[in-house]
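What follows is one chain in structure tokens, specifically the form predicted alone.
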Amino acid sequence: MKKKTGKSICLFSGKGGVGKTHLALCLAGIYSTMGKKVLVLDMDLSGGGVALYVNKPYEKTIYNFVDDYTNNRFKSLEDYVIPYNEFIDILPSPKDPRSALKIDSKYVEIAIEKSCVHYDVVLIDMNHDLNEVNLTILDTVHTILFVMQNDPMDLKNMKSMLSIFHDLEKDNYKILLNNSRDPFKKYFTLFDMKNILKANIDYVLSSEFYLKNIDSYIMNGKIVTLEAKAPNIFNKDYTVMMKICVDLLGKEEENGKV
């Protein structure tokens, strides 16, 4: 029997500030309710905040993993992750942003591959730079979730990214329009955006998912989708995120053929 491996999914965007970190944790929360073991891997190496988002203290990071692996000190992935709950673990970004420059992209690929052995889902939060590390992530993961806003700069950058992917004949991506990050950005209609991108927008999170009190969730270390009332309060958007989670797992997992 073929050994089961988890699915690696990265969240990428054409610019920063589109809500990737918050979305990654929301998806992790939903996957955990599905009984999936999830790792949230923070690959925003110079400014990541996943551990801060869930208010979890930590000592070791992805930098320590790479340093130990390089120097034959690596023993177990468990030595570097921090547990959030029974199903969700987090591998934080480096504490010192200067450490980002010391991380060789080839070890990033190893980290993703090892994570997929231990987890059903590996969610990778990353920044928007097209550097060597991020290019390695984009080339390594099973699926890419592009996150964008209704914003002229975002549309320009997304159009450029899709053009690159088309040239490389890569089609392992989905596009999410996140209207909840800034509900006041309404520059284009959905039809206009699809026409500009020459591509489908697979999912839309509405402005109703905008959280005025997001800071209180962060200070209390809460993941929104794990709140008991979330499926009812955010019914439409919770359903969208459920669909994203199922779609990104793929048909085999969806049909229970792993």
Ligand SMILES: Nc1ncnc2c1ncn2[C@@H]1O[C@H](COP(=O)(O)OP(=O)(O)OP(=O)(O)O)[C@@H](O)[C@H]1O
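Everything quoted here is computed from the prediction, not taken from an experiment. One rule holds for the numbers: they count along the sequence shown, beginning at 1.
The same protein has a further form, the form predicted together with this ligand, not shown here; the description that follows concerns it.
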item: Sole residue of Leu52, Leu211, Ala199, Val204 within 4.5 Å of this ligand in the predicted bound form, by heavy atom; value: Leu211
item: Joint contact, Gly19, Ser180 and Ile218 to this ligand in the predicted bound form, by non-hydrogen atom at 4.5 Å; value: yes
item: This ligand contact in the predicted bound form: Asp44, any heavy atom under 4.5 Å; value: yes
